[in-house]
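So here's one chain in two forms, each on its own in C-alpha coordinates, numbered structure 1 and structure 2.
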Structure 1
Amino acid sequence: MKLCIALDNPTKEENLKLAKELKEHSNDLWLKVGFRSYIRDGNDFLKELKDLGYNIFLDLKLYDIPNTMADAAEEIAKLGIDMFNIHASAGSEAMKEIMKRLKQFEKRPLVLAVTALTSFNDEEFKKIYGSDIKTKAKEFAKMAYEAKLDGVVCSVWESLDIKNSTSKEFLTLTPGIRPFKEEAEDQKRVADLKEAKKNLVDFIVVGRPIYKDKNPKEKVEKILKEIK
(Lines of atoms letter the chains of each structure in order from A and count residues from 1; the text may use other names and numbers.)
(Lines give C-alpha, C1' and ligand atoms only; values in the text may rest on other atoms or scores of the structure.)
Protein backbone atom coordinates (compact mmCIF):
# COMPACT_ATOMS: atom_id res chain seq x y z
CA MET A 1 0.00 0.00 0.00
CA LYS A 2 1.30 3.46 -0.92
CA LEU A 3 0.75 6.79 0.77
CA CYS A 4 -0.44 9.75 -1.30
CA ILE A 5 -0.53 13.10 0.49
CA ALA A 6 -3.17 15.63 -0.60
CA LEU A 7 -1.41 18.99 -0.95
CA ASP A 8 -4.47 21.01 0.02
CA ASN A 9 -2.79 23.85 1.93
CA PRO A 10 -4.11 27.28 0.90
CA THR A 11 -0.80 28.60 -0.44
CA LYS A 12 2.02 27.35 -2.65
CA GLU A 13 4.54 28.30 0.04
CA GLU A 14 2.89 26.06 2.63
CA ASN A 15 2.67 23.15 0.18
CA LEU A 16 6.32 23.51 -0.79
CA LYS A 17 7.37 23.77 2.85
CA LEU A 18 5.67 20.43 3.55
CA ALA A 19 7.20 18.81 0.45
CA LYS A 20 10.67 19.97 1.49
CA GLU A 21 10.18 18.79 5.06
CA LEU A 22 9.36 15.28 3.83
CA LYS A 23 12.00 15.16 1.10
CA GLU A 24 14.00 12.28 2.60
CA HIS A 25 10.95 10.03 2.03
CA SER A 26 10.15 11.37 -1.45
CA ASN A 27 10.83 8.01 -3.14
CA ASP A 28 8.15 6.35 -1.00
CA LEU A 29 5.59 9.13 -1.27
CA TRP A 30 3.04 10.38 -3.79
CA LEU A 31 1.79 13.96 -3.75
CA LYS A 32 -1.72 14.76 -4.95
CA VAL A 33 -2.07 18.13 -6.71
CA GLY A 34 -5.65 19.25 -7.30
CA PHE A 35 -7.56 22.04 -9.06
CA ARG A 36 -6.71 24.82 -6.66
CA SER A 37 -2.92 24.46 -6.66
CA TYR A 38 -2.76 23.52 -10.31
CA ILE A 39 -4.81 26.51 -11.47
CA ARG A 40 -2.84 28.88 -9.26
CA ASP A 41 0.68 27.43 -9.38
CA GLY A 42 0.68 25.53 -12.68
CA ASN A 43 3.36 23.41 -14.25
CA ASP A 44 6.25 25.22 -12.56
CA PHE A 45 4.96 23.96 -9.24
CA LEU A 46 4.69 20.40 -10.57
CA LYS A 47 8.28 20.64 -11.77
CA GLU A 48 9.46 21.85 -8.35
CA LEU A 49 7.80 18.83 -6.72
CA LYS A 50 9.25 16.44 -9.32
CA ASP A 51 12.71 17.90 -8.74
CA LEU A 52 12.37 16.99 -5.05
CA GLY A 53 11.98 13.36 -6.18
CA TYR A 54 8.25 12.81 -5.58
CA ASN A 55 5.72 10.81 -7.56
CA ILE A 56 2.94 13.15 -8.68
CA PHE A 57 -0.77 12.41 -8.89
CA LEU A 58 -2.54 15.15 -10.86
CA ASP A 59 -6.13 15.13 -9.61
CA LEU A 60 -8.01 17.05 -12.33
CA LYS A 61 -10.81 14.50 -12.98
CA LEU A 62 -10.99 15.04 -16.74
CA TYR A 63 -14.38 14.86 -18.46
CA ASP A 64 -14.91 15.77 -22.13
CA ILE A 65 -15.29 14.22 -25.58
CA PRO A 66 -12.87 11.34 -26.25
CA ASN A 67 -10.49 13.23 -28.55
CA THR A 68 -10.19 16.21 -26.20
CA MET A 69 -9.52 13.91 -23.25
CA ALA A 70 -6.85 12.03 -25.20
CA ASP A 71 -5.22 15.38 -26.12
CA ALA A 72 -5.14 16.34 -22.44
CA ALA A 73 -3.77 12.92 -21.45
CA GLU A 74 -0.97 13.30 -23.98
CA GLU A 75 0.00 16.70 -22.56
CA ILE A 76 -0.08 15.32 -18.99
CA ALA A 77 2.23 12.48 -20.05
CA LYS A 78 4.63 14.99 -21.63
CA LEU A 79 4.87 16.77 -18.26
CA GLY A 80 6.24 13.57 -16.71
CA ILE A 81 3.28 13.19 -14.33
CA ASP A 82 3.07 9.74 -12.72
CA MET A 83 -0.70 9.37 -12.32
CA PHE A 84 -3.88 11.28 -13.28
CA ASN A 85 -7.61 10.67 -13.23
CA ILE A 86 -10.73 11.03 -15.36
CA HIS A 87 -14.46 10.70 -14.63
CA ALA A 88 -15.61 7.16 -15.42
CA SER A 89 -18.91 8.61 -16.66
CA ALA A 90 -17.03 10.04 -19.66
CA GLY A 91 -17.51 6.48 -20.99
CA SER A 92 -15.52 3.58 -22.38
CA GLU A 93 -14.84 5.18 -25.77
CA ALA A 94 -13.01 8.05 -24.07
CA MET A 95 -11.12 5.60 -21.84
CA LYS A 96 -9.95 3.54 -24.82
CA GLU A 97 -8.97 6.63 -26.79
CA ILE A 98 -6.83 7.84 -23.87
CA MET A 99 -5.05 4.52 -23.45
CA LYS A 100 -4.44 4.32 -27.21
CA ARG A 101 -2.91 7.80 -27.23
CA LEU A 102 -0.63 7.00 -24.28
CA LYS A 103 0.90 4.00 -26.08
CA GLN A 104 3.52 6.26 -27.68
CA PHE A 105 5.15 6.91 -24.28
CA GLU A 106 7.79 4.56 -23.00
CA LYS A 107 6.86 5.51 -19.43
CA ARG A 108 3.24 6.60 -19.30
CA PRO A 109 1.29 7.89 -16.29
CA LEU A 110 -1.11 5.55 -14.48
CA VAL A 111 -4.72 6.37 -15.38
CA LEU A 112 -7.52 6.05 -12.81
CA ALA A 113 -11.28 6.54 -13.23
CA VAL A 114 -13.37 8.27 -10.56
CA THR A 115 -16.40 6.09 -9.83
CA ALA A 116 -18.60 8.21 -7.52
CA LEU A 117 -17.74 11.48 -5.82
CA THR A 118 -18.02 11.02 -2.06
CA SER A 119 -20.03 14.22 -1.75
CA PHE A 120 -23.05 12.45 -3.32
CA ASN A 121 -25.70 10.75 -1.24
CA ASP A 122 -27.55 7.83 -2.84
CA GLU A 123 -30.66 9.87 -3.69
CA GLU A 124 -28.77 12.63 -5.49
CA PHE A 125 -26.52 10.11 -7.23
CA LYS A 126 -29.52 8.14 -8.49
CA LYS A 127 -31.07 11.25 -10.03
CA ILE A 128 -28.00 11.69 -12.21
CA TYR A 129 -26.74 8.15 -12.82
CA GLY A 130 -29.96 6.11 -12.53
CA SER A 131 -28.76 3.65 -9.90
CA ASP A 132 -27.31 3.46 -6.40
CA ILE A 133 -23.67 4.27 -5.73
CA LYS A 134 -22.48 0.74 -4.95
CA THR A 135 -23.95 -0.83 -8.10
CA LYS A 136 -22.78 1.97 -10.36
CA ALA A 137 -19.29 2.13 -8.85
CA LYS A 138 -18.85 -1.56 -9.67
CA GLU A 139 -20.18 -1.07 -13.22
CA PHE A 140 -17.85 1.89 -13.78
CA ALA A 141 -14.91 -0.11 -12.43
CA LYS A 142 -15.64 -2.99 -14.83
CA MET A 143 -15.86 -0.52 -17.71
CA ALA A 144 -12.51 1.01 -16.76
CA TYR A 145 -10.94 -2.44 -16.37
CA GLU A 146 -12.15 -3.54 -19.80
CA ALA A 147 -10.79 -0.32 -21.34
CA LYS A 148 -7.41 -1.24 -19.81
CA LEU A 149 -7.16 1.65 -17.36
CA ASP A 150 -4.92 1.03 -14.34
CA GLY A 151 -7.55 1.44 -11.64
CA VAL A 152 -10.24 3.52 -9.98
CA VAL A 153 -10.79 6.11 -7.28
CA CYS A 154 -13.35 4.72 -4.85
CA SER A 155 -14.07 4.42 -1.14
CA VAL A 156 -12.34 1.84 1.05
CA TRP A 157 -15.70 0.14 1.41
CA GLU A 158 -15.94 -0.58 -2.33
CA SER A 159 -12.32 -1.58 -2.89
CA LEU A 160 -12.62 -5.32 -2.24
CA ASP A 161 -15.86 -5.69 -4.19
CA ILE A 162 -14.28 -3.91 -7.16
CA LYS A 163 -11.18 -6.09 -7.03
CA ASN A 164 -13.32 -9.23 -6.86
CA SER A 165 -15.26 -8.22 -9.95
CA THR A 166 -12.19 -7.08 -11.93
CA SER A 167 -8.75 -8.24 -10.80
CA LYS A 168 -6.60 -8.06 -7.68
CA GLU A 169 -4.06 -6.13 -9.80
CA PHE A 170 -6.61 -3.47 -10.77
CA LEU A 171 -5.61 -0.50 -8.59
CA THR A 172 -7.85 1.18 -6.02
CA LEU A 173 -7.07 4.63 -4.65
CA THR A 174 -9.13 5.76 -1.70
CA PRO A 175 -9.56 9.16 -0.04
CA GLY A 176 -11.33 9.58 3.29
CA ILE A 177 -8.53 7.92 5.25
CA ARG A 178 -8.07 8.70 8.92
CA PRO A 179 -4.91 6.62 9.54
CA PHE A 180 -5.22 6.35 13.32
CA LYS A 181 -8.91 7.25 13.65
CA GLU A 182 -8.33 11.03 13.65
CA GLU A 183 -11.20 13.54 13.39
CA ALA A 184 -13.36 12.81 10.29
CA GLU A 185 -14.28 16.52 9.73
CA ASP A 186 -16.44 16.68 6.56
CA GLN A 187 -15.62 13.14 5.35
CA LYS A 188 -18.64 10.84 5.65
CA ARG A 189 -17.32 7.30 5.24
CA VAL A 190 -13.85 7.24 6.73
CA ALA A 191 -11.55 4.27 7.27
CA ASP A 192 -8.27 3.74 9.11
CA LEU A 193 -5.06 2.04 7.93
CA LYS A 194 -6.06 -1.40 9.14
CA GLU A 195 -9.38 -1.23 7.30
CA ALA A 196 -7.69 0.03 4.13
CA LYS A 197 -5.21 -2.86 4.30
CA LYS A 198 -7.95 -5.41 4.87
CA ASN A 199 -9.78 -4.13 1.79
CA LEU A 200 -6.60 -4.43 -0.35
CA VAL A 201 -6.39 -0.73 -1.14
CA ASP A 202 -3.33 0.17 -3.26
CA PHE A 203 -3.13 3.93 -2.62
CA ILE A 204 -4.45 5.79 0.40
CA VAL A 205 -4.99 9.56 0.08
CA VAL A 206 -4.42 11.48 3.31
CA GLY A 207 -4.73 15.25 3.60
CA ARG A 208 -5.63 17.01 6.83
CA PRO A 209 -4.44 14.29 9.25
CA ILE A 210 -0.94 15.00 7.88
CA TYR A 211 -0.72 18.67 6.92
CA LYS A 212 -2.69 19.86 9.95
CA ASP A 213 -0.68 17.73 12.37
CA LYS A 214 1.74 19.51 14.74
CA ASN A 215 4.51 17.31 13.38
CA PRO A 216 3.67 16.18 9.82
CA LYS A 217 7.02 14.40 9.35
CA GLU A 218 6.54 12.26 12.44
CA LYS A 219 2.98 11.43 11.32
CA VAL A 220 4.16 10.42 7.83
CA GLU A 221 6.89 8.20 9.28
CA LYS A 222 4.36 6.53 11.57
CA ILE A 223 2.07 5.82 8.60
CA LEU A 224 4.93 4.56 6.39
CA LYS A 225 6.04 2.21 9.14
CA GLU A 226 2.52 0.82 9.45
CA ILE A 227 1.94 0.23 5.72
CA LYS A 228 5.34 -1.23 4.76
Structure 2
Amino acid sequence: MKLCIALDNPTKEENLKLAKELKEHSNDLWLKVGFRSYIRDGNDFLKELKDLGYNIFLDLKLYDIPNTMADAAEEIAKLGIDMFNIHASAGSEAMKEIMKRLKQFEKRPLVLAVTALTSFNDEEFKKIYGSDIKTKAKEFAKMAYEAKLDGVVCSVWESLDIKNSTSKEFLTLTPGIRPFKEEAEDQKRVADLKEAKKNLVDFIVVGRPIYKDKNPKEKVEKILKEIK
Protein backbone atom coordinates (compact mmCIF):
# COMPACT_ATOMS: atom_id res chain seq x y z
CA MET A 1 0.00 0.00 0.00
CA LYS A 2 1.31 3.42 -1.04
CA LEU A 3 0.63 6.77 0.62
CA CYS A 4 -0.46 9.58 -1.69
CA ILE A 5 -0.61 13.06 -0.15
CA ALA A 6 -3.16 15.53 -1.47
CA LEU A 7 -1.52 18.91 -2.03
CA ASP A 8 -4.63 20.98 -1.34
CA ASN A 9 -3.11 23.89 0.55
CA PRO A 10 -4.35 27.36 -0.47
CA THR A 11 -1.00 28.45 -1.93
CA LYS A 12 1.78 27.00 -4.07
CA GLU A 13 4.30 28.09 -1.44
CA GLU A 14 2.60 26.03 1.27
CA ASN A 15 2.44 22.98 -0.98
CA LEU A 16 6.11 23.26 -1.94
CA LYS A 17 7.09 23.76 1.68
CA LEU A 18 5.32 20.52 2.58
CA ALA A 19 6.90 18.64 -0.35
CA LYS A 20 10.38 19.86 0.64
CA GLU A 21 9.79 18.99 4.28
CA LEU A 22 8.95 15.40 3.31
CA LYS A 23 11.66 15.04 0.63
CA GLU A 24 13.62 12.37 2.50
CA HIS A 25 10.58 10.10 2.10
CA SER A 26 10.00 10.94 -1.57
CA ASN A 27 10.72 7.35 -2.69
CA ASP A 28 7.87 6.12 -0.49
CA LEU A 29 5.34 8.83 -1.31
CA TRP A 30 3.11 10.00 -4.14
CA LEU A 31 1.80 13.55 -4.37
CA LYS A 32 -1.68 14.34 -5.68
CA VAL A 33 -2.16 17.58 -7.59
CA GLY A 34 -5.81 18.48 -8.10
CA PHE A 35 -7.84 21.16 -9.88
CA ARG A 36 -7.01 24.02 -7.56
CA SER A 37 -3.25 23.57 -7.57
CA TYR A 38 -3.00 22.70 -11.26
CA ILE A 39 -5.12 25.61 -12.47
CA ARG A 40 -3.25 28.02 -10.22
CA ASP A 41 0.31 26.69 -10.53
CA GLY A 42 0.40 24.84 -13.86
CA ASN A 43 2.99 22.55 -15.39
CA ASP A 44 5.94 24.33 -13.81
CA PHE A 45 4.66 23.22 -10.43
CA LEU A 46 4.52 19.60 -11.59
CA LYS A 47 8.13 19.86 -12.73
CA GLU A 48 9.23 21.28 -9.39
CA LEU A 49 7.65 18.33 -7.62
CA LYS A 50 9.21 15.83 -10.03
CA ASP A 51 12.60 17.46 -9.48
CA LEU A 52 12.18 16.72 -5.77
CA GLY A 53 11.93 13.03 -6.64
CA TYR A 54 8.21 12.40 -6.19
CA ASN A 55 5.74 10.34 -8.18
CA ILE A 56 2.86 12.58 -9.25
CA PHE A 57 -0.85 11.77 -9.47
CA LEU A 58 -2.63 14.42 -11.56
CA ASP A 59 -6.20 14.41 -10.28
CA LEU A 60 -8.26 16.15 -12.99
CA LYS A 61 -10.98 13.52 -13.50
CA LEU A 62 -11.32 13.91 -17.28
CA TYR A 63 -14.86 13.74 -18.64
CA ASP A 64 -15.77 14.59 -22.25
CA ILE A 65 -16.37 12.93 -25.60
CA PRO A 66 -13.92 10.08 -26.36
CA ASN A 67 -11.65 11.90 -28.82
CA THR A 68 -11.34 14.97 -26.61
CA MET A 69 -10.49 12.81 -23.60
CA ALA A 70 -7.88 10.92 -25.62
CA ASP A 71 -6.36 14.22 -26.81
CA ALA A 72 -6.14 15.40 -23.21
CA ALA A 73 -4.68 12.08 -22.04
CA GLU A 74 -1.98 12.31 -24.70
CA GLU A 75 -1.01 15.81 -23.54
CA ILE A 76 -0.98 14.68 -19.91
CA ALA A 77 1.34 11.80 -20.78
CA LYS A 78 3.76 14.27 -22.36
CA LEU A 79 4.05 16.04 -19.00
CA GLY A 80 5.91 13.08 -17.52
CA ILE A 81 3.54 12.58 -14.60
CA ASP A 82 3.02 9.09 -13.22
CA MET A 83 -0.74 8.69 -12.88
CA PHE A 84 -3.97 10.49 -13.82
CA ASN A 85 -7.68 9.79 -13.69
CA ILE A 86 -10.86 9.99 -15.73
CA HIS A 87 -14.54 9.46 -14.96
CA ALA A 88 -15.68 5.90 -15.66
CA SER A 89 -19.13 7.29 -16.47
CA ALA A 90 -17.64 8.77 -19.66
CA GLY A 91 -18.09 5.22 -20.96
CA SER A 92 -16.21 2.25 -22.41
CA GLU A 93 -15.52 3.89 -25.75
CA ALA A 94 -13.75 6.82 -24.11
CA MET A 95 -11.68 4.54 -21.87
CA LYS A 96 -10.64 2.33 -24.78
CA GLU A 97 -9.75 5.35 -26.93
CA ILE A 98 -7.52 6.73 -24.15
CA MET A 99 -5.62 3.48 -23.71
CA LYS A 100 -5.25 3.12 -27.49
CA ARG A 101 -3.81 6.63 -27.74
CA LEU A 102 -1.33 6.04 -24.90
CA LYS A 103 0.22 3.01 -26.62
CA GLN A 104 2.63 5.34 -28.43
CA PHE A 105 4.46 6.13 -25.18
CA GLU A 106 7.33 3.92 -24.10
CA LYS A 107 6.51 4.76 -20.50
CA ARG A 108 2.94 5.89 -20.02
CA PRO A 109 1.26 7.06 -16.82
CA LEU A 110 -1.10 4.81 -14.91
CA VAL A 111 -4.74 5.51 -15.77
CA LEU A 112 -7.48 5.16 -13.17
CA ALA A 113 -11.25 5.53 -13.57
CA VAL A 114 -13.33 7.28 -10.92
CA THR A 115 -16.28 5.09 -9.89
CA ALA A 116 -18.14 7.08 -7.22
CA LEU A 117 -16.84 10.20 -5.51
CA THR A 118 -16.33 9.67 -1.78
CA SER A 119 -18.38 12.80 -1.08
CA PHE A 120 -21.50 10.86 -2.19
CA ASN A 121 -23.78 8.89 0.08
CA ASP A 122 -26.07 6.23 -1.40
CA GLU A 123 -29.15 8.45 -1.57
CA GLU A 124 -27.39 11.29 -3.43
CA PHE A 125 -25.62 8.87 -5.76
CA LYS A 126 -28.82 7.03 -6.67
CA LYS A 127 -30.52 10.28 -7.73
CA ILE A 128 -27.84 10.77 -10.39
CA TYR A 129 -26.82 7.26 -11.43
CA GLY A 130 -30.02 5.32 -10.72
CA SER A 131 -28.27 2.68 -8.66
CA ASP A 132 -26.64 2.19 -5.28
CA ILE A 133 -22.92 2.94 -4.98
CA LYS A 134 -21.74 -0.63 -4.42
CA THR A 135 -23.51 -2.00 -7.50
CA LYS A 136 -22.58 0.85 -9.82
CA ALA A 137 -18.98 1.11 -8.61
CA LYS A 138 -18.46 -2.58 -9.42
CA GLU A 139 -20.09 -2.11 -12.82
CA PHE A 140 -17.87 0.89 -13.62
CA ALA A 141 -14.80 -1.02 -12.40
CA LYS A 142 -15.56 -3.96 -14.71
CA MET A 143 -15.89 -1.54 -17.63
CA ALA A 144 -12.51 -0.01 -16.77
CA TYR A 145 -10.89 -3.43 -16.38
CA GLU A 146 -12.20 -4.59 -19.76
CA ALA A 147 -10.93 -1.35 -21.33
CA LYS A 148 -7.43 -2.21 -20.01
CA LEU A 149 -7.13 0.66 -17.53
CA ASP A 150 -4.80 0.15 -14.58
CA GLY A 151 -7.38 0.58 -11.84
CA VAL A 152 -10.09 2.69 -10.29
CA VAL A 153 -10.71 5.38 -7.73
CA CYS A 154 -13.23 4.21 -5.16
CA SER A 155 -13.83 4.22 -1.43
CA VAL A 156 -12.28 1.61 0.83
CA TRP A 157 -15.70 -0.04 1.12
CA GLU A 158 -15.82 -0.97 -2.58
CA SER A 159 -12.15 -1.95 -2.99
CA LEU A 160 -12.26 -5.64 -2.09
CA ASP A 161 -15.47 -6.30 -4.02
CA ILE A 162 -13.95 -4.63 -7.09
CA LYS A 163 -10.77 -6.70 -6.87
CA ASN A 164 -12.81 -9.89 -6.48
CA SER A 165 -14.80 -8.94 -9.57
CA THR A 166 -11.76 -8.05 -11.70
CA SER A 167 -8.27 -8.97 -10.51
CA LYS A 168 -6.18 -8.60 -7.36
CA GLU A 169 -3.67 -6.74 -9.58
CA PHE A 170 -6.30 -4.20 -10.65
CA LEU A 171 -5.38 -1.11 -8.66
CA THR A 172 -7.66 0.64 -6.20
CA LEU A 173 -6.93 4.18 -5.03
CA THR A 174 -9.05 5.41 -2.15
CA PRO A 175 -9.60 9.03 -1.09
CA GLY A 176 -11.37 9.84 2.17
CA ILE A 177 -8.74 8.21 4.34
CA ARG A 178 -8.66 9.34 7.95
CA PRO A 179 -5.57 7.40 9.09
CA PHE A 180 -6.28 7.45 12.80
CA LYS A 181 -10.03 8.19 12.69
CA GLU A 182 -9.71 11.95 12.32
CA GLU A 183 -12.82 14.04 11.56
CA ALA A 184 -14.49 13.16 8.23
CA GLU A 185 -15.34 16.80 7.32
CA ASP A 186 -16.91 16.90 3.79
CA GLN A 187 -16.22 13.23 3.01
CA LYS A 188 -19.03 10.69 3.49
CA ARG A 189 -17.42 7.26 2.93
CA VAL A 190 -14.25 7.48 5.00
CA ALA A 191 -12.02 4.78 6.45
CA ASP A 192 -8.86 4.36 8.52
CA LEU A 193 -5.59 2.56 7.77
CA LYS A 194 -6.65 -0.80 9.21
CA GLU A 195 -9.80 -0.81 7.10
CA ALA A 196 -7.79 0.12 3.99
CA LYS A 197 -5.38 -2.76 4.61
CA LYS A 198 -8.21 -5.21 5.17
CA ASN A 199 -9.78 -4.22 1.85
CA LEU A 200 -6.49 -4.60 -0.10
CA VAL A 201 -6.24 -0.94 -1.12
CA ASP A 202 -3.18 -0.11 -3.26
CA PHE A 203 -3.07 3.69 -2.82
CA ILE A 204 -4.47 5.69 0.07
CA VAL A 205 -5.00 9.42 -0.41
CA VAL A 206 -4.56 11.57 2.68
CA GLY A 207 -4.87 15.34 2.66
CA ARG A 208 -6.06 17.42 5.59
CA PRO A 209 -5.00 14.94 8.31
CA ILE A 210 -1.44 15.54 7.09
CA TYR A 211 -1.19 19.13 5.85
CA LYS A 212 -3.29 20.51 8.71
CA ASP A 213 -1.28 18.63 11.32
CA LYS A 214 1.09 20.64 13.52
CA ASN A 215 3.87 18.24 12.55
CA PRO A 216 3.15 16.85 9.04
CA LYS A 217 6.44 14.98 8.81
CA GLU A 218 5.80 13.14 12.05
CA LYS A 219 2.29 12.26 10.87
CA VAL A 220 3.60 10.93 7.55
CA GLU A 221 6.25 8.83 9.27
CA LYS A 222 3.58 7.40 11.57
CA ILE A 223 1.41 6.47 8.58
CA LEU A 224 4.33 4.94 6.64
CA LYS A 225 5.22 2.82 9.64
CA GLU A 226 1.64 1.52 9.82
CA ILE A 227 1.31 0.62 6.14
CA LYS A 228 4.67 -1.06 5.54
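Under this definition, the rigid core comprises the largest set of C-alpha atoms superposing within 1.5 Å between the forms. The structure displayed is predicted, hence computed values, not measured ones. Quick note, the numbers are simply positions in structure 1, starting from 1.
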property	result
Panel number for the form predicted alone	2
After fitting the core, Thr135 CA displacement of 2 Å or more between the two structures	no
Cα displacement of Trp157 between the two structures reaching 2 Å, rigid core superposed	no
Core-aligned C-alpha movement of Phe120 between the two structures, 2 Å or more	yes
